[in-house]
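Take a look at this one chain, the form predicted on its own, written out in structure tokens.
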């Protein structure tokens, strides 16, 4: 690992590594050597948590498929991670299939997005997927349908890329099920908590408002920013500021010890 850390300091090393990926899945997750490194990160660590808890299978999801690149990357990463960790991973992708609906009001940020944006070529996306379940329709309806379906493995990672406040808030009904449907902590990626200079994102609109209202409405569940994620990463990547965790504080396994004992956990003799 010491030699690797020296090699990645060479200019363009990460670019070459992306073109010619080598090494274990864990090493590439740690260094972000995946097309969507945030998806690989969330999937890997949710599967790792499941393994520590003795859970044989999990579910990972993307809300807002659009052109399908993210969902394809999620599926490919899940296959590699599944093979390395021995935890089964089911993949779901949610989308209207017809582009974004009309915004409800200013909270949906119509100065950035509008009706018909990101329309999906459904057949083209389906042709690129192998095991993923593509769920098409209004998220207000499809989320509940999937949550209520039999055999749904515990949810471990969710990527939210719905842009709108209203769509994101509707997707949060996914958290309304029994504890058995979830890992105690669910890694979440929110694509639209930041925008360009004209977007002027803030906590009173968009995804940030949806998160704030969810937290106000739930005492035993919170969606919290993954604080100081940069400290555990090999390098800075902009997606680190968009990672959150859904905490189910009353989940039966929330307090289960999952971090392997390390040398620093043993008191040194005098």
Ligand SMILES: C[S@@+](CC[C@H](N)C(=O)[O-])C[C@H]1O[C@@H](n2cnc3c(N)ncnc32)[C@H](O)[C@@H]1O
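Residue numbers count along the first chain shown, from 1. Values in this document were obtained by computation on a predicted structure and should not be read as measured data.
One more form of this protein exists, namely the form predicted together with this ligand; it is left out here, but the text below deals with it.
Colleague: Counting only non-hydrogen atoms and a 4.5 Å threshold, tell me whether 149, 181 and 222 all contact this ligand in the model of the complex.
Modeller: Result no, not one residue of the spot touches this ligand.
Colleague: Given that the partner is absent here, state which listed stretch (83 to 91, 122 to 130, 160 to 168, 196 to 204) has heavy atoms within 4.5 Å of this ligand in the model of the complex.
Modeller: Stretch with heavy atoms near the partner: 160 to 168.
Colleague: Is residue 36 close to this ligand in the model of the complex, meaning a heavy atom pair under 4.5 Å apart or at it?
Modeller: So residue 36 counts as contacting this ligand.
Colleague: With heavy atoms only and a cut-off of 4.5 Å, decide whether residue 110 touches this ligand in the model of the complex.
Modeller: Flag for residue 110 set to no.
Colleague: Given that the partner is absent here, does residue 32 sit within 4.5 Å of this ligand in the model of the complex, heavy atoms only?
Modeller: Residue 32 lies outside the contact set for this ligand.
Colleague: Might residue 101 be said to contact this ligand in the model of the complex, defining contact as any heavy atom within 4.5 Å?
Modeller: Because a heavy atom of residue 101 falls inside 4.5 Å of this ligand in the model of the complex, the answer is yes.
Colleague: Just one of 66, 61, 49, 211 has a heavy atom within 4.5 angstroms of this ligand in the model of the complex, so which one?
Modeller: Of 66, 61, 49, 211, the residue with a heavy atom within 4.5 Å of this ligand in the model of the complex is 66.
Colleague: What residues, if any, in 122 to 141 have a non-hydrogen atom within 4.5 angstroms of this ligand in the model of the complex?
Modeller: The stretch 122 to 141, when checked against this ligand in the model of the complex, contributes 137, 138, 139, 140 at the 4.5 Å heavy-atom cut-off.
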